[in-house]
Every structure is written in C-alpha cells, then in structure tokens.
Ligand SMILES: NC(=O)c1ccc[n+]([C@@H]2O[C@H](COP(=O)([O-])OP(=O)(O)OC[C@H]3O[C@@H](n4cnc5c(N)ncnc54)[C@H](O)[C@@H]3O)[C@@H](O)[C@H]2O)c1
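One chain follows as structure tokens, the form predicted on its own.
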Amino acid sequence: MESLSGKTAVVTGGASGMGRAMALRFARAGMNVVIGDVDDDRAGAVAAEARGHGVQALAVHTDVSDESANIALNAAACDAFGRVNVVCLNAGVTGSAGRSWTLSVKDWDWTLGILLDGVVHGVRAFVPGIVEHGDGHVVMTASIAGHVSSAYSGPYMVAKHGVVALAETLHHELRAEKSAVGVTCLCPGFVNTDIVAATRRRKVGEAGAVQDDLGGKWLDFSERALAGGLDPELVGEQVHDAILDGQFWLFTDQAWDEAIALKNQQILARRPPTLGHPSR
C-alpha cells in the first residue's frame, strides 16, 4: 500500500496494548478506525481518542472467538466506511497455563478459541472483501512463541505456531493469485502490555486461568518480562511502517534471533529443541 490516508483500518483487541497503539497510529496517518474488543468502555475511549486526530472512529463489541461477531464487525466497518483496507487480527490473551496434560479441554478450547480461531474467523470475515477491491493489507499478531516454544503454556504456544502457519499460507495464496493484498506476520517479543492481567483475574479451575504451580511460575515470569518490554507505541509505529513497506515478517526486536536460529539448526540436525531465551 502506498498510502493509508482516507482509508479504513479494523483492529481487534484494539482497546488496549498493541491494538490501541496500532489504532491510534492509523488515526494519526489519517485512517478511519474501527475498534473491535470485548471491553466496551476502553474500546469507546480509544475510538474517542482516535477522533481527536480528525478522523472517524467506531467501537464495536467483538468476541473474536465467535464467528458471527467477526462477520458483524466487518459489516459494521463496511456500513460506516464503505470498505476495509487494513485489518489487524490482534486480539489476545495469555490463556490457560499449566502442565499440558493436566489442562482441561475447556482450557484448550477457550485459549485456542481466542488466539487461533479468532484469527481464522477474521481471515474468513475480512479477506474476501479486501481481495475483491484489492487495496489492502492483513496483519496477524503471532508471537516469538510461534517460533520458539517454552513449557507450561501449551495452548498459547500451539495457537501462536498456528497463526504463523496461517499467515504464511495466506501470503502464498495471495501471491499465487497475483493479488496486491499484503500480509504481515507480527511476532512480538516482550512488549509492556497488561495481557497477563486477564489471566490473573480468572479463578483456578476456570478456563483461561493458571491451573497449577508451574503455570503460576510461568505467568509470574511473563509478567516480569513484559513489564520491562517495549513500549506498545513503538509496535504501532512498526506495524504502520510494515504495511507501507509490504513487509511480511515483523519482529519487534532482535533479542530472539539467536534462539530462532538455534532452533532451525536443531531441526536440520534432527536434534531435540532446547529452551529458547532472548539474547539480551
């Protein structure tokens, strides 16, 4: 895409963190923005802040795990602005944490429903229209966890690997059909968001919660690491630039490059993986 001004962006999970940063950066670029989120108050506040940049903005209650909610979000955006040019499939949670074999089916379904099914639903809801008019870009929020796995967060790791695979697949399909629509696979490292807070609020035994002691330790580590992470505003800038540059892979920093390279070497050598760590 050569320009974003006057076009429309939809951001799921746009009420906070990286999603909020993306939405406001798009507004500063002159885009109308639609915020899809389950937190109506915060989504409304982001929409109001976006309108302060002289663009139009809309907040739509959206549970991305619900196929019909994604379809309704696309419809609301098209009704308001005619078409969607950029969609950021970004809504996320840390989800259920604990030993993979002790997590319940509900733990797996709840987490995968948001992190993976939410992206699948978004692709199905938004991509046909974007491909039809041909002037657009799809951003999928994966994670470093889509390349390097760790213990005690199985649903999160599985979902993020799935998002990476879906982004690659969509890219190949669009290129095969000679579409001008672009794809960016956003793979953040540690970013200073409150994504852990939702898991903290859930009770043990409830889907999406910490389910055992080791899951709790993983969540504690994640919370500390995120607190020292990048400012979400920087990620918003990176996403904006990646869309204009037609960039597929977007890693928010280089801290995990060595861990990713080591994993690739281990795959080629048929060796079991070691636990990945950032290089700094």
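Just so you know, these numbers come straight off a predicted model, no measurement behind them. Heads up: residue numbers just count along the shown sequence, starting at 1.
There is another form of the same protein, the form predicted in complex with the named molecule; it is not shown, and what comes next is about it.
Mapping the unseen interface onto this chain, A76 falls outside it, with no heavy atom inside 4.5 Å of the named molecule in the model of the complex. Put simply, L24 is far from the named molecule in the model of the complex: not one heavy atom of it is within 4.5 Å.
Contact check for V38: a non-hydrogen atom falls within 4.5 Å of the named molecule in the model of the complex. In the model of the complex, the named molecule sits within 4.5 Å of a heavy atom belonging to L115. Residues within 4.5 angstroms of the named molecule in the model of the complex, judged by any non-hydrogen atom, belong to 192-200 and to none of the other stretches in 121-129, 101-109, 172-180, 192-200. Between the options V55, L226, L244, L219, the residue in contact with the named molecule in the model of the complex by a heavy atom within 4.5 angstroms is L226. Shown without its partner, this chain lists V64, V239, V34, A50 as candidates; in the model of the complex, only V64 has a non-hydrogen atom within 4.5 angstroms of the named molecule. In the model of the complex, the residues of 82-102 lying within 4.5 Å of the named molecule by at least one heavy atom are, in order, N90, A91, G92, V93.
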